[in-house]
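Shown below, as structure tokens, is a lone chain in the form predicted alone; questions about how it binds or moves come after it.
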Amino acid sequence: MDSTALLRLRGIVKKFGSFTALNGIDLEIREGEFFTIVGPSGSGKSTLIRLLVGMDDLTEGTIWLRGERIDQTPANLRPTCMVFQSLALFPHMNVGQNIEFPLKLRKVAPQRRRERVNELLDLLRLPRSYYDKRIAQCSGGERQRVALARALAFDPEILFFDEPLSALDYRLRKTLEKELKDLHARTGKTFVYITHSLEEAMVMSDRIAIMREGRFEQIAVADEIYNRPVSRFVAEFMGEVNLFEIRADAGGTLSGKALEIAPDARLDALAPGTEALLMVRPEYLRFDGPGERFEFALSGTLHGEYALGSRIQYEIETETGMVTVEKLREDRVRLKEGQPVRVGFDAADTHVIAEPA
């Protein structure tokens, strides 16, 4: 058990009738951490966050905050706060009234409320003159900041976020991702963030938890999940990936369908007499050319070329299916659709997933 953990979950189960939405969740979140839970629709991430803030009751399990059990504590008595996708701002109140609402509930004196609102407007980089601005006059980004300021007015120990940026346009979303990360650093608060966007998770998080069918598939820092996923599901969820069936015989010699493998190629993570999936990300594949030597190679024909901003992606049709290669735009390789190509990679650029092919 992590002695520095702020929040601990033990054996969390949530059932809706005969359907089990969460099944045996164990988790520890450290104080001051930006922890993001990512997963496809229906994986259980929103159900989990509703349990954490007290909006729903557990079927089984316990939730501990600083060593005190809180799963039976009413939501309004927990030192936590939620920022919803809908923001849930009061349209009949101005910006200042929205932010100071939790302070008013706590019967904080009017002068101190106004001072605190000004502090929060400064923190969220909104002009103090916005105190009297109507919510309907605020842009999408300004409303997000007002919702954050109101959440911080509670002075919660943990802020929970349920996909708060998903309804915004791409440019504003990218701006607010950076601002949220900066806000986290400036406040020192613990952030627990729910999203279906891998990009959001990669940009902002200290650690990421990948959810699947009511369980955590993997919890780690972003680089580890991207480079060393524990399963096919995580590998594919974390972006474009190439997966190849690979086998080591009793002597450690490797073989794989449609793969040309150099005699001296070795995979230390693959035990003799076993088979697994060999993962290589598209950016690690290289086109054959003068002076190139590969430990692993395969041949096919170019199916398509796609411009993705600063990157170029190539899809190559092979005997085992489609393989993806990615290059920076300045390293673009000029190829024609249908052209035969050969690509390769080395063992150092791979990861072995101990999962049947």
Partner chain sequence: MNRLDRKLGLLSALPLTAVLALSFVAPMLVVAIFSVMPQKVFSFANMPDFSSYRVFLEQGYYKSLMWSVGMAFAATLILLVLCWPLAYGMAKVFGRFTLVLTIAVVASLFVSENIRLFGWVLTLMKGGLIEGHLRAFTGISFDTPLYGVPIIVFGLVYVYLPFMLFPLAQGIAMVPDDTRQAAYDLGASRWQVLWQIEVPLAAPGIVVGSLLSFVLACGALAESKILGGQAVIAIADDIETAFTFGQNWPLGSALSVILIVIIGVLALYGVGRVDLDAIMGRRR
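All values derive from a computational prediction rather than experimental measurement. Positions refer to the first chain, counted from 1.
Not on display, but discussed next: the form predicted together with the partner chain.
Heavy atoms of residue 307 never reach within 4.5 Å of the partner chain in the predicted bound form, leaving it off the interface. Mapping the unseen interface onto this chain, residue 144 falls outside it, with no heavy atom inside 4.5 Å of the partner chain in the predicted bound form. Among heavy atoms of residue 150, some come within 4.5 Å of the partner chain in the predicted bound form. Not displayed here, the partner chain is kept clear of residue 279 by more than 4.5 Å at the level of heavy atoms in the predicted bound form.
Residues with any non-hydrogen atom within 4.5 angstroms of the partner chain in the predicted bound form fall in just one of 121-129, 69-77, 180-188, 234-242: 69-77. Contact with the partner chain in the predicted bound form, defined as a heavy atom within 4.5 Å, holds for exactly one of 112, 257, 171, 92, namely 92. Interface residue among 216, 287, 101, 284, judged by heavy atoms within 4.5 Å of the partner chain in the predicted bound form: 101. Although the partner is absent from the chain shown here, none of 230, 247 and 297 has a heavy atom within 4.5 Å of the partner chain in the predicted bound form. In the predicted bound form, the partner chain lies within 4.5 angstroms of at least one heavy atom of each of the following residues of 48-65: 50, 53, 55, in sequence order.
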